[in-house]
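Below you will find one chain, with nothing else, as structure tokens; this is the form predicted alone, and questions on how it binds or moves follow later.
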């Protein structure tokens, strides 16, 4: 009976063989980790647990910890947590069938890491902040809520639409300013959708590992372009999740 196989990452088998990073590595639930390969591309795998692993802290730490150790010296295409193939043979077949695409993706992110950049409005009330900045929003707000009567649903919708338009315009302008500082030290930048109204931008930045200090300097330069009403944070380098597309199916 074929053994189910947990897949952590796609990798360059020659580079991994040269450095032996898997000799003492442990995967999900302490499983031994190994490399399978076909046609010049490889996959870092381990025997899968009997039951599908749940995204609990211990399992997540095992998965992401292994990837973090690998990407310190290796180029990898990280897999999401919980990817399981029916067998090692299935993984080998996948590598063979998608060899050219996987090789292109490995080359694109070779020597790079992903660094997250997030900017938020650091204000008590984002709507009031915009009311203070824009006369047309303040005037519409005052007209709608003037007097003791309840504002109509349509009037509230119109205020909401104007607020959203102003919010989107400022986001676009601020994101453009931030990326103008970051782009010179990034190979690529991907923008995620805002998670709440106070988010200005959430960026995933593909940065050469050797240039991470230069990226940190660029973040400082970007921060200097904004006032105290903005909060800027960036993450430690991680595997380039946002810049790969590997679907084991």
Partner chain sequence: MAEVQKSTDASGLAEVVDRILDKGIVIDAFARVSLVGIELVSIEARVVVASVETYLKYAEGIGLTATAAAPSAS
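Residue numbers count along the first chain shown, from 1. Computed from a predicted model, the values in this text were never measured in an experiment.
As for the form predicted together with the partner chain, it is not shown, yet the points below apply to it.
Peer 1: Would residue 238 count as a contact of the partner chain in the predicted bound form, using a 4.5 angstroms cut-off between non-hydrogen atoms?
Peer 2: Taking the distances in the predicted bound form, the answer for residue 238 is yes, it comes within 4.5 Å of the partner chain.
Peer 1: Residue 54 near the partner chain in the predicted bound form, any heavy atom under 4.5 Å?
Peer 2: Contact with the partner chain, yes.
Peer 1: Given that the partner is absent here, does residue 231 sit within 4.5 Å of the partner chain in the predicted bound form, heavy atoms only?
Peer 2: Residue 231 belongs to the contact set for the partner chain.
Peer 1: Does the partner chain come within 4.5 Å of any heavy atom of residue 219 in the predicted bound form?
Peer 2: Residue-level check for residue 219: yes, a contact with the partner chain.
Peer 1: Every residue in 68, 85 and 164 with a non-hydrogen atom within 4.5 Å of the partner chain in the predicted bound form?
Peer 2: So, yes: the whole triplet contacts the partner chain.
Peer 1: Sort through 26, 183, 192, 210 and report the residue having a heavy atom within 4.5 Å of the partner chain in the predicted bound form.
Peer 2: By the 4.5 Å criterion, the partner-contacting residue is 192.
Peer 1: For the stretch 189-212, return the residues whose heavy atoms include at least one within 4.5 Å of the partner chain in the predicted bound form, in the order they occur.
Peer 2: The stretch 189-212, when checked against the partner chain in the predicted bound form, contributes 192, 193, 194, 195, 196, 197, 202, 203, 204 at the 4.5 Å heavy-atom cut-off.
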